[in-house]
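There is one chain below, alone, in structure tokens, taken in the form predicted alone.
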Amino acid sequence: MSLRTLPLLFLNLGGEMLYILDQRLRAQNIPADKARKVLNDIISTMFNRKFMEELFKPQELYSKKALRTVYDRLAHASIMRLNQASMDKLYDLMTMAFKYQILLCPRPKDVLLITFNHLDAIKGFIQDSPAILHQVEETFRQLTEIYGALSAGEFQLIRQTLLIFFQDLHIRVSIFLKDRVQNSNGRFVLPVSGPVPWGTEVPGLIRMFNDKGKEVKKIEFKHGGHYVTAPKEGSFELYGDRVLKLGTNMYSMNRPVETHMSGASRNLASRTQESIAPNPLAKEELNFLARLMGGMEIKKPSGPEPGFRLNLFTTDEEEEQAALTRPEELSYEVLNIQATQDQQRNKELARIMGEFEVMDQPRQSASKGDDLLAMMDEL
């Protein structure tokens, strides 16, 4: 496994999360200042300097549960609040979108272009916030510095590490089903058409060479697809044409989205039972979370401004039903880090977790006008 995969995984999933939140904030006519505050707070926390320093350190990927904990804290970095079922739904959409992008990535190095597409869109969210924009551009600089010199083989290892991370996730998403890029069992359909990876030729020709390297024979074959040569290579500069469209905002057309757990996923999860089986890397994951969360430096909301609840379901009843019917082994419950049992040894971790405590908003403060409803409208 590659030790350079975590930053790419985190940034791309974070970008997908921001796409979803931005779409719903606009669709539900949330006041512009409140919507801007939500996105600015999340992006500022996401690209915090200390947090990025911890993220870019060479390290192995940890479990989905550990990573989900980081996103749960990140999503609650502002005045917005999500219930367990809605957070599950949000995370499902994030993971399946990025999995689709990795599967269709023309060449391993293009995972960097996918990341840059996400960062370009994020920069568009914060054009009126120079300080936060500087944070994002600094992260871009780190990406180009660290990943710009990696070989094709190292990028291949990164892509394989990402595919291993996503291999057991087969959650159906209505956008993918409607576009026929996903089957009813939750598995994606790989295309046999379109541009080939940059630097490669359209399939259909076999060349044979002699021992002196001279071409001696050509054989044509039918490949069954409709491939074309890539027009040009995407730009890896701070500003430029990425060419590749993977990683751009698929919610910009205000399309309703629904997710469904496939039977295959239920059966597989029942066998693995990640959330039930003891994790031999529990201590390492605890240290991992402590470092990342310590770098986030989330500031508690100040002032009397009330929070609002984001609901990714059509009604509160649907959200409650989803929480009851979702298989226990598939629910990404937040890790309960017991940092107070040994205050002397865990003093720093206790302080970190104390900063992350999220106080529930009073029920009456979340009016129906503030709810972000109907993320999962019927097709």
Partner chain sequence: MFRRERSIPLRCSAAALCNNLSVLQVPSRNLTHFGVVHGPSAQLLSAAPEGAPLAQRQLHAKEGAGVSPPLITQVHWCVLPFRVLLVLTSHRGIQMYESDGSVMVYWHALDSGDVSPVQAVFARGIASSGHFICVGTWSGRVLVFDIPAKGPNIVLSEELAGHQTSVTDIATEPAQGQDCMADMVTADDSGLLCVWRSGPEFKLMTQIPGFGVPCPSVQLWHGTVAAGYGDGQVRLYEASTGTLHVQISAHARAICALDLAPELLSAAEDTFVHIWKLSRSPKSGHTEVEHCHAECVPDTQVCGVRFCDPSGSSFAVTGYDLAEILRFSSV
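If you're wondering where the values come from, they're calculated on a predicted model, not measured in any experiment. Positions refer to the first chain, counted from 1.
There is another form of this protein, the form predicted in complex with the partner chain, and it is not shown here; the text below is about that form.
A.B. asks: Using a 4.5 Å heavy atom cut-off, which of 147 to 155, 235 to 243, 121 to 129, 78 to 86 contacts the partner chain in the predicted complex?
C.D. replies: Residues of 147 to 155 come within 4.5 Å of the partner.
A.B. asks: Considering non-hydrogen atoms and a 4.5 Å limit, does the partner chain approach L104 in the predicted complex?
C.D. replies: Contact check for L104: yes, within 4.5 Å of the partner chain in the predicted complex.
A.B. asks: Is it the case that D168, even though its partner is missing from this view, gets within 4.5 Å of the partner chain in the predicted complex, heavy atoms only?
C.D. replies: Answer yes; at least one heavy atom of D168 falls within 4.5 Å of the partner chain in the predicted complex.
A.B. asks: Find out whether any non-hydrogen atom of L177 is located within 4.5 angstroms of the partner chain in the predicted complex, and reply yes or no.
C.D. replies: It does not: once the partner chain is placed as it appears in the predicted complex, L177 has no heavy atom within 4.5 Å of it.
A.B. asks: Would E60 show up as a contact with the partner chain in the predicted complex if we use heavy atoms at 4.5 Å?
C.D. replies: The answer is yes: E60 has a heavy atom within 4.5 Å of the partner chain.
A.B. asks: Enumerate the residues of 1 to 36 that have a non-hydrogen atom within 4.5 Å of the partner chain in the predicted complex, in sequence order, or give none.
C.D. replies: M1, S2, L3, R4, in sequence order.
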